[in-house]
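In the block that follows, a single chain appears as structure tokens, in the form predicted alone.
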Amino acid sequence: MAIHEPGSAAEPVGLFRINTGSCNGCDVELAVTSAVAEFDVEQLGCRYTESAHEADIVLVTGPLTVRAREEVLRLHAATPRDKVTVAVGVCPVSGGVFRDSYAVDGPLERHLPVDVNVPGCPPRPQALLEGIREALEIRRARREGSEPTRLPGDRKQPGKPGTDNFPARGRLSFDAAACVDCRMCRHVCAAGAIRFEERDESVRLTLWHNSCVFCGLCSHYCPTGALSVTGDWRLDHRATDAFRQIERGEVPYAPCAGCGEPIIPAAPQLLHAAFRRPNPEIEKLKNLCPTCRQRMSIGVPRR
């Protein structure tokens, strides 16, 4: 989509930033989009402005703190009525790791309309450009008297291996076949982005990308590698699709080979992590409940 052709007489689109109390991580990445030619917003026909009255697109960073709330609302109200608002980073989107803090009064959409979310902690410069591009599409469509549409799956794919596709600040992937329901990932997730739900025939894991801060602790501590960080940094989306930004998988129950009680079998990855060379006797353990494992172990001589 060509927003602004070099040499054209079109006025550049004004980008106005509002910091609601951030750590400045997202602001540093936004600085890249004005200081580094590869990510410069001018290629999209935009420029940064310090005047709220010149704002065509408002970029909001940080969790909305109680102390900053009134000033943020005043600044946002001073921008033109037809502007597009973009929440940059997980903090304005969901509160991130600060969600339950007494000093935070977010998420941002509780107080003002948000059009585009660009989750991340912080988002990469590429993701920021795509979020701004998304806002430009919304702005153009509204001026034409319509709302933009985007088909599911109509997203830019990450780069090929060896170029830009490396596991850093990207979408989490879940391999249900490797999960043993230990829930260590939920325990170490400071943002509360991971939830488990016990169902009749399975355990369901849901990971909310709008809360994930890309810390990678879930992947680091997962004993079987069921969770992994990918190179897919493209997470920008319409705010109306916020609750669809999830990674989900079902871990099915299976009957215990000893007593028939439903259990989550031990994944092969777990056995290989615990035992260098699992033998047939050890392989039997994966389909036994803790009680039956204990019974099986009685009388076995210790080494």
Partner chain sequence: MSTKIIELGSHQLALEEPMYFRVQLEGDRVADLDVMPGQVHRGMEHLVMRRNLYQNITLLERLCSLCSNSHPSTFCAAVEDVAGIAIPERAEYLRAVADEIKRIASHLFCCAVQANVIGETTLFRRVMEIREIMQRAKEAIYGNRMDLAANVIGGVRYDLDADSAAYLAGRMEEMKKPLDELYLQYENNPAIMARTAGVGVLTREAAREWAVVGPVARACGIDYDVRKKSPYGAYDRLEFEVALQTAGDVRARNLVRLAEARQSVSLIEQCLDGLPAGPLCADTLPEIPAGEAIAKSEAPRGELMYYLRTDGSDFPVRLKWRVPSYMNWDALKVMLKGEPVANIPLIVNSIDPCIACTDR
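Fair warning: this is a prediction, and the values are worked out from it, not measured in the lab. Numbering follows the first chain given and starts at 1.
What follows is about the form predicted in complex with its partner chain, which we do not show.
A residue is said to contact a partner when one of its heavy atoms sits within 4.5 Å of a partner heavy atom; residue 146 fails this definition for its partner chain in the predicted complex, lying far away. Although the partner is absent here, residue 292 lies well away from its partner chain in the predicted complex, with no heavy atom inside 4.5 Å. The shortest heavy atom separation between residue 48 and its partner chain in the predicted complex exceeds 4.5 Å. Within 4.5 Å of any heavy atom of its partner chain in the predicted complex lies no heavy atom of residue 177. This chain is displayed without its partner chain, yet in the predicted complex the stretch 183-191 from 183-191, 111-119, 78-86, 134-142 comes within 4.5 Å of it by heavy atoms. Think of it this way: in the predicted complex, its partner chain has a heavy atom of just one of 251, 235, 57, 68 within 4.5 Å, and the residue is 68. With the partner omitted here, the residue from 257, 271, 264, 32 that has a non-hydrogen atom within 4.5 angstroms of its partner chain in the predicted complex is 32. Counting a residue when any of its non-hydrogen atoms is within 4.5 Å of its partner chain in the predicted complex, the hits in 99-123 run 99, 100, 101, 102, 103, 104, 121, 122.
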